[in-house]
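Each of the two blocks below gives one form of the same protein chain as C-alpha cells; they are labelled structure 1 and structure 2.
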Structure 1
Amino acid sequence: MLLDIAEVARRSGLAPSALRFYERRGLIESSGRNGLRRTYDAGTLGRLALISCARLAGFSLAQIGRFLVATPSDTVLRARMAERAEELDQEISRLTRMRDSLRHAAICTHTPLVECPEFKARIEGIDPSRTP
C-alpha cells in the first residue's frame, strides 16, 4: 500500500519538509509520485518510528543512517551500540529515581519536601524501606 507524503506526515507526526530531508539524507526512500506528491510504502512508517526513537535516544542522523545499513560484521558500530545501550541504562536509572522521588513528593507531608529522608533516599537510589 502506498501513502502520499501528506498521509505519512500525518501518521508520523513529522512535517513533509522533514520527510523530504530524511529522503535526501538516505534515511527513507520514496516509492515514486502520485501526480506531484511523493509516495511512500507503508513500511516507511516503521522506519520513521525507528528514526524518531533513535533521535530521542541521542543518536545523530549520520549515526542512524549508518545503523540502518549495518550488517552483523560492522564491529565498530556494534561496539558503539553496546556503549550507548549502557549509557541509556544509566540514564533510565537516573530517570527512574527521579520519577519515584517525585511520586513520593506528591504525597509527602515533610517540610520542606526536598529534606524528606525518603525523598533523599529515592534520589540517591537507596531503597527507602531499608533506611533507618
Structure 2
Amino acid sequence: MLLDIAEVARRSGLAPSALRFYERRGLIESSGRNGLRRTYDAGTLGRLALISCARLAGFSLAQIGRFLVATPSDTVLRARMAERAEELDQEISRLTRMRDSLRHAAICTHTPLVECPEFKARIEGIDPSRTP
C-alpha cells in the first residue's frame, strides 16, 4: 500500500516540508514516484513515529540518523543510548513535577502564581501535605 506525501503528513502530524527535509537528511526515504510525486510505503509511518519520539527525547536529527542504522557492534553509540536513557529517567521525574505544578497553577489563588508555596513544592518534588 503506497501513500502520498499528503497522506503521510496527515497521519504523522508532520508537515510535507518536514518530510522532504528528513528525506534530504537521509532519515526516511520514499519508496518510489508517481510521476514526480513521492510515494511511501506504510512502514514509513512507523519510522516517522520513532523519529518523533526520539526528537521528543532530545535527540538531534544527526543523532537520530546514526541510531537508525546502529548495530550491536556500535559500542560507543550504545553507550550513549544507555546514558541518555538514564538522563531521560531524571528528566521524566522533572517533567512529572512540572506537570503537577502546572496543574496546581491552573487553580491556584496565589499572586504571582509561581511564588505559591505549593507550586514551588511541586516543582521541587516535595509533598506539602506531609511533614517529615
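Each form is matched to the other, and the largest set of C-alpha atoms that superpose within 1.5 Å is called the rigid core. Note that the coordinates shown come from a computational prediction; the quantities given were computed from them, not determined experimentally. FYI, numbering is relative to structure 1, first residue = 1.
Open item on the list: Quick check: structure 1 or structure 2 for the form predicted alone?
Closed with: Structure 1, which is the form predicted alone, differs in this respect from structure 2.
Open item on the list: Let me spell it out: two rigid parts, one turning against the other between structures 1 and 2. At which of 65, 58, 89, 76 is the hinge?
Closed with: Per the C-alpha fit change, the hinge is 89.
TODO: Work out from C-alpha fits how many degrees the smaller rigid part twists against the larger between structures 1 and 2, would you?
DONE: Rotation of the smaller segment between structures 1 and 2 is 22 degrees.
Task: Backbone CA shift between structures 1 and 2, residue 104, after core fitting (angstrom) - done: Its C-alpha shift, to one decimal, is 7.4 Å.
Task: between structures 1 and 2, how far the Cα of residue 114 shifts once the core is aligned, in Å - done: With the rigid core fitted, the alpha carbon of residue 114 is displaced 8.6 Å between structures 1 and 2.
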